[in-house]
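Starting off, we have a lone chain in the form predicted alone, written out as structure tokens.
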Amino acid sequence: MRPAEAQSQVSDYWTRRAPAFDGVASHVAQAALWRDVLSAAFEAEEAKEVVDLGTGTGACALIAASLGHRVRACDGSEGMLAVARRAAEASGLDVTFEQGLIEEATFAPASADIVTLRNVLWTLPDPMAALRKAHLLLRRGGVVFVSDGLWSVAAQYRSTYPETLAASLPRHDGLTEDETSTMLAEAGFGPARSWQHLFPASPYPGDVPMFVLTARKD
């Protein structure tokens, strides 16, 4: 399957799931924990420019805005963005949302201090392209925040794609901390720092091995 076709099918899949997604989402069930983790990992003592790539229903975007940061976010699924927009409005949070694929996001290069990608890399036809986009968007010294997990450990709880679509996604089974640290280095970032120890246990059903990493653009 061609990457463009795969990405279109991924976006359609999440649009179908959008109305009920937040009902079972970790960032809703454990909102306070995720807020604490992002607050620590951002290492920001003042308001920063944040870009959330693959925002979905706005998990990182809404937390970042609640922490006082100026936030822009994009996603390929219009259905997920509709949920995110409603959540931002209901919470009185100012987030600029853009519909579009990560690689096509119109945010200016070197316009962000922090870029977030939470549970995004596993669902992309080209995960490295997303990390290179994050590198492009960041100012020198800026921070990329990446969180994901080894979803194949608890397949009964995971999101599932049709077999042909899943086969076209190189990280469909998930990622490990070591694999992602290597990918971050290949994308041009400095050494990765882990933050998952701030969770008392995996925030996902099935005790999925997950990670939270940050790395800086040198």
Ligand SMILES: C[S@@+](CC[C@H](N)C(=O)[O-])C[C@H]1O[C@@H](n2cnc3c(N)ncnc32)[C@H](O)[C@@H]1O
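The numbering used is simple: start at 1 and walk along the sequence shown. Note that the coordinates shown come from a computational prediction; the quantities given were computed from them, not determined experimentally.
This next part talks about the form predicted in complex with the named molecule, which is not shown.
*Asks:* Residue-level question: is V143 within 4.5 Å of the named molecule in the predicted bound form, judged on heavy atoms?
*Replies:* Because no heavy atom of V143 falls inside 4.5 Å of the named molecule in the predicted bound form, the answer is no.
*Asks:* Does K133 make contact with the named molecule in the predicted bound form, using a 4.5 Å heavy atom cut-off?
*Replies:* No - in the predicted bound form, heavy atoms of K133 and the named molecule never come within 4.5 Å of each other.
*Asks:* Would A59 count as a contact of the named molecule in the predicted bound form, using a 4.5 angstroms cut-off between non-hydrogen atoms?
*Replies:* Yes, A59 is a contact residue.
*Asks:* Contact with the named molecule in the predicted bound form for R72, defined as at least one heavy atom pair within 4.5 Å: yes or no?
*Replies:* Flag for R72 set to no.
*Asks:* Judged by heavy atoms and a 4.5 Å cut-off, are P127, S181 and T214 together in contact with the named molecule in the predicted bound form?
*Replies:* Answer is no for this spot.
*Asks:* Which residues, if any, of 104-131 lie within 4.5 Å of the named molecule in the predicted bound form when only heavy atoms count?
*Replies:* If the 4.5 Å heavy-atom criterion is applied to the named molecule in the predicted bound form, 104-131 yields R118, N119, V120, W122, T123, L124.
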